[in-house]
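Next up: just one chain, as structure tokens, the form predicted on its own.
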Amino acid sequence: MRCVRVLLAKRGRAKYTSHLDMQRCMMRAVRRARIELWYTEGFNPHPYVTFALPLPLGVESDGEPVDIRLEGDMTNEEVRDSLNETMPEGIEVVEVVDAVNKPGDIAFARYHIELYPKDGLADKISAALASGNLPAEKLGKAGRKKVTKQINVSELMGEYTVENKDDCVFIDIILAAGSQRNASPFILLEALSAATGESIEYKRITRKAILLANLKNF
């Protein structure tokens, strides 16, 4: 038995596929590709298929990591090619690699955000990101209850760039994405709308990579 990491690109209309449907899609693809999975032991054995960091609905991705445990002697390239023959439109296996780091090692994610342009929007966003104060409300838990928490998105940001180009405003940014500290691109855009006084509408959001604490790829 060995653990491999399948990197799934999710583009176009496939971005509206929910996490639960992605799990079902992956299981169907594995069965159709006749990939021999490792099953847990016990009364209710099940295959080991784990999405390391579920993608928010409506966000595209260049490579979502899905860890699976294999029996048999298929190579990583054979797993990639076999899965790609069964994947639906908009979902592609870009690479299969040996899994080294654990999902708990995830610390950040890099996003590319394309916004519809407005006069002066890029400058306003740049000023808001540089301010160090981007308050937002985030749904969390206190015990078993769901509560709304006040957060400062600036404290959950890493490197970023803002560019006005080709009739779009582009934001490339690193956001916290670990199990303890995390911020979605949607919370970022809500905070920027409040800070700039503009109704910010996005054209496309793409998660480019999932990162470790040292900013190397997961």
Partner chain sequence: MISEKIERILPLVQKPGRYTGGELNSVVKNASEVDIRYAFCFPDTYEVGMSHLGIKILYSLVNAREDAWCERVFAPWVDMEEKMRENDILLYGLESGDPIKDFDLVGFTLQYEMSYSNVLNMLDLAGIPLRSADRRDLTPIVIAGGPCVCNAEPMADFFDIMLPGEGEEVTNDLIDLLKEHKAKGSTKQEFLFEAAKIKGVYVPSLYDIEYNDDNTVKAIKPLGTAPEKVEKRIVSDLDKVYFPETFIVPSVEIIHDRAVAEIFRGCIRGCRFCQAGYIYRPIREKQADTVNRNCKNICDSTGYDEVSLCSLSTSDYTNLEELLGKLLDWTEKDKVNIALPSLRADNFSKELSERLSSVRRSGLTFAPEAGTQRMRDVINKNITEEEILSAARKAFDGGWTSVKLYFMLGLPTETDEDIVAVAQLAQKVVEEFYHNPNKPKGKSVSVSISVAPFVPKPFTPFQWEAQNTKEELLRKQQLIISSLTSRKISLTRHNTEMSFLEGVFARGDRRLSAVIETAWRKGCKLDGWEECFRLDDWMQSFDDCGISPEFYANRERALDEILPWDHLDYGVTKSHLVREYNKAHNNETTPHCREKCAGCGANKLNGGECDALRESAACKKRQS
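On a predicted model such as this, the values are computed, not experimentally measured, just so you know. Positions refer to the first chain, counted from 1.
Another form exists, predicted together with its partner chain; not displayed. Remarks below refer to it.
In the model of the complex, its partner chain lies farther than 4.5 Å from every heavy atom of Lys165. Not displayed here, its partner chain is approached by Thr17 to within 4.5 Å at the level of heavy atoms in the model of the complex. In the model of the complex, its partner chain sits beyond 4.5 Å of every heavy atom of Gly72. Taking non-hydrogen atoms only, Tyr48 never approaches its partner chain to within 4.5 angstroms in the model of the complex.
Heavy atoms within 4.5 Å of its partner chain in the model of the complex are found in one stretch of 29-37, 174-182, 153-161, 189-197, which is 29-37.
In summary, among the residues Asn76, Asn101, Thr86, Ser126, the only one with a non-hydrogen atom within 4.5 Å of its partner chain in the model of the complex is Thr86.
At a distance of at most 4.5 angstroms from its partner chain in the model of the complex, all three residues Arg13, Tyr116 and Glu201 contribute at least one non-hydrogen atom. Annotation for 53-74: the only interface residue with its partner chain in the model of the complex is Leu57 [heavy atom within 4.5 Å].
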